[in-house]
Every structure is written in structure tokens, then in C-alpha cells.
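Encoded as C-alpha cells, the following chain is the form predicted on its own, with no partner shown.
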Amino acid sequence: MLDPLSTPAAELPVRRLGPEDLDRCLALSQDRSWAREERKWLFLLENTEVHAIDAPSGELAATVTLTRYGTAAAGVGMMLVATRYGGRGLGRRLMTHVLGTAGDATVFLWATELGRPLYEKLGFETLGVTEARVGRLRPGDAPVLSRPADLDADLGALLALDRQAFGADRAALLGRLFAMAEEVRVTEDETGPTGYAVSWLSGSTLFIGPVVADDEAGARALVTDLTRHASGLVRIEMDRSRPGLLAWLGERGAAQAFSTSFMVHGGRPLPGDRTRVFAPMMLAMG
């Protein structure tokens, strides 16, 4: 095995990980003081391309994920380099690798302040800032304005709605997310579904995403109803271009935990009608 300490980064082999690598991924997350999100990592290992560089010890020196949405778009996430291998070009090596395998897709990611300089050097441009909001949401006296999804009856309509908003096919991923979800809720009018949102657990935290809606009122209704009976912490990510919704989340107990820069490679336009995408599935995927 090549030693990341002595081998030029550009010559280091990159391999695909699978579910059998879960413990190594969790150990790398812990090394970087990230949460040990076992369920999230397993979902990524089973449903995305997780690329890695091995350390001589058998542990992971670095990882990155690539989520393909047909040929139109691809999301990059979980860029992690072990503390002892920082500053040796492993992040650039992995990013160059996944950009080379992404083909003609529009590639996007959410960058921490630590990672943003590398992405800028690789041709990514910042289009916005996303806040991760965490707290014990208080529903107040808001009426119930959405209903639980009937996935047998609603699935086709929800996937069509999502494709219009997201602009790329993520039917397979959504099907797997729906299967592990705590709840999927739908807003509708006389013509059928107008929006949907998903809640899913990672550890003891209830994650909300994606949220797809016609307007802010629909997004607010979906988030309220998904969190109405939540007993623990709730987390949702939302762009700062939606100050009204962020203020509303703050009023209900969800404070900013951290922020990330939303970046797209090569200045390319994102497909779809992103004004209707109010929260991503997860920052690692889009």
C-alpha cells in the first residue's frame, strides 16, 4: 500500500467503498470531530459513490462522496481528510478524481470555510450560503395544512414534482429515503400534490429534507407538520436567500448551528426550478 506521507498525492490510488467500510468511515468522522452518524453513512455507502484513499494502517486517510442524478447533475460531499494527513494534497486528489468521473454533469457541493479555498482553486463558484438550523421546534397553534403521503397512490406525482423542481432524476434515491423516513407529508390543491417533505432520523436528531413546495407558506406548513410531535432536536438546512423562513425557524427554537457555502463547478447553471427546493435531502447529497 502506498504511504500518503511519502507518495505524491497525484499518484495515490483511489478506491470505492462499500457498506463493509462503515466502521472506517465513522472513525474518520470522529477523527475530524464530526458526529458519528451511522445511519447517514450507511445510506451513503449503499446509495452513492464513496471514494477513498487508504492509510498504511488500514484506516482511511480521506473520503469524498459523489451522488449522480442521471447525467444532468451530481452532488459532492463528505470530504474528510484524517488529521495526521492534512495539508498533503489528499483532498485535491479526491476532488480531481470525482470531477473526472462526473462526466458532463453540473457538479455542486456545500463547502465549509476550511474547504472553500480548495474548491475555488478547482473552479467552483459560490452561489449562496446555507444555514443549518438545530433546535426543539415549537409548532405553536398552527393548523395542520398537510397530510401524510400515501406512497402507493402519491409516489408518481411526488417524483414528477421533484424532478420539475430539482431538474434531475433522483427517483431511486428518494424511494430509498422514503423507505427509511419517519414520515413523508404532502401539500395539495384540487389538481393534486403541490409539495412534499421528508423527516428521517440520524441518531437522536430528526432531519428535515428534502422540502419541495410551491411557496414559503407551503414549506412552512410541511415543516410544521413534520415536527409537530418531535420530542428531540430537529435539524434543517435552508439558504439565506429565504430570510423570512430563517426568522420563522428562529422564532420556533431552531438556532443556527453552522453555515456552508453552496458552490457550483465551472459557473454552470443548475437544472430545474430551484426556487421550489426549500431544503436539500442532506448536505452530503443535495
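What you are looking at is a predicted structure, and each value in this text was computed from that prediction instead of being measured. Sequential numbering from 1, following the sequence displayed.
Although not depicted, the form predicted in complex with a small molecule is the subject of the following passage.
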Can Phe258 be called a contact residue for the small molecule in the predicted bound form at 4.5 Å between heavy atoms? no
In the predicted bound form, does Ala74 have a heavy atom within 4.5 Å of the small molecule? no
Just to confirm, Leu118 within 4.5 Å of the small molecule in the predicted bound form by heavy atoms? yes
Residue-level question: is Arg228 within 4.5 Å of the small molecule in the predicted bound form, judged on heavy atoms? no
Answer range among 88 to 96, 138 to 146, 171 to 179, 204 to 212 for contact with the small molecule, defined in the predicted bound form as heavy atoms within 4.5 Å: 88 to 96
If you check Thr101, Gln164, Thr126, Thr112 against the small molecule in the predicted bound form, which one has a heavy atom within 4.5 Å? Thr112
Under a 4.5 angstroms heavy atom criterion, identify the one residue in Val107, Val186, Leu80, Val198 near the small molecule in the predicted bound form. Leu80
